[in-house]
Every structure is written in C-alpha cells, then in structure tokens.
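As a starting point, one isolated chain is supplied in structure tokens, in the form predicted on its own.
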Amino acid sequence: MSERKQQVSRRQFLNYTLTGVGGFMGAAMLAPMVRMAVDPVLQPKKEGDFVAVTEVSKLTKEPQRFNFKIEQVDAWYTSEVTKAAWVYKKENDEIVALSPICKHLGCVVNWEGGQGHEDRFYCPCHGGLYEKNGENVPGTPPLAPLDSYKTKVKDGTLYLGEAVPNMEV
C-alpha cells in the first residue's frame, strides 16, 4: 500500500471553487424567480367571501335591486368595487339573487323593463329578455341565463357570495 496522500492541485482547487461559487450565485439569482412563479399556487384560496347585503325581512316576492361593495385585489392594488344584485323570495321563501349583467353583451338588465316586458328582466341594449328566475327567453339575443349569487342567511341578514353561472334554471 502506498502511504502517499492524494493532493489537490492548484488548478483543481480553483476549478472546484469557481464551480461552487458560480453554482451558488446562479441558485441565488434563480430562487426569487422561482418563488415569484410559484407564489400564486402557494397562496391560501379564499373560500367564498360573503358580503352583507340586506335584512331578510326587507325581501319581497318582487325582485329588488341591492347594491353592495366588495374588496377587489388586482396584483398589488386593492380597490372597493360596487356590485349589484336582483334579489327576491320564491313562494317557498327560498332566496334568489341574480346578477344584473346581461349574458349577451354585458349590459345591465332591469326588472319590468317596459311595455310588453312586465314580470321579466329587460336588457335595453339589444332587447334581451329574461324570466323572473333568470332564464333567457328564446328568440331574444341572450343565449344563457343570468348568473346567480351564492346566498347565505345568518342572524336575519342576507349575505351574497360570488356569482356563478345559473345552471339550475
């Protein structure tokens, strides 16, 4: 056996050192970019923020328009946005909250829009019609029913969540 130790030459030492330092610097530069790309996935998802809109005792069988404000976050900018909903009670006291945004071109619909449109939602932009439950009337421009808001009642107050496509119509 040889008692001779394996010595590292100057060239090998510089090669190992520069490779290590270069790798460390590359990782240090890459880490923030990876973190920024992965960060949205790591953020906790908000499960249905609900906003207080009105007292349940104020609701009737006729749709009423209620405005409410939500906090909207766009990247780093937070703003307060006013939203609206047409809310009414069904015969079985089930609460229905419909979005006022027409599914044709995004105009705002009104209840009892005019002559011949009684007991219907009417979109003045292109003559779109919706039944009281939000279903689009065949032969009019909208091809889908109005979106409906998720509803929750707590301590006599109506809370509305996010608007979802109305598939129950």
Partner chain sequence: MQWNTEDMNMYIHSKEYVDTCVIPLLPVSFNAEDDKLVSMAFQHEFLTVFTNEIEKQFKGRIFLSPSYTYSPSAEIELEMNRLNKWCEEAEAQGFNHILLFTMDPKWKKQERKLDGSLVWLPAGQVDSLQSEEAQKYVQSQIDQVTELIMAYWQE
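Predicted, not measured: the structure shown is a model, and the values here were computed from it. Residue numbers count along the first chain shown, from 1.
Keep in mind the form predicted together with its partner chain is missing from the figure; the text below concerns it.
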Among 118-126, 131-139, 27-35, 55-63, which stretch has residues whose heavy atoms lie within 4.5 Å of its partner chain in the predicted complex? 118-126
Heavy atom to heavy atom, is T82 within 4.5 Å of its partner chain in the predicted complex? yes
Decide whether C107 counts as a contact residue for its partner chain in the predicted complex under a heavy atom distance cut-off of 4.5 Å. yes
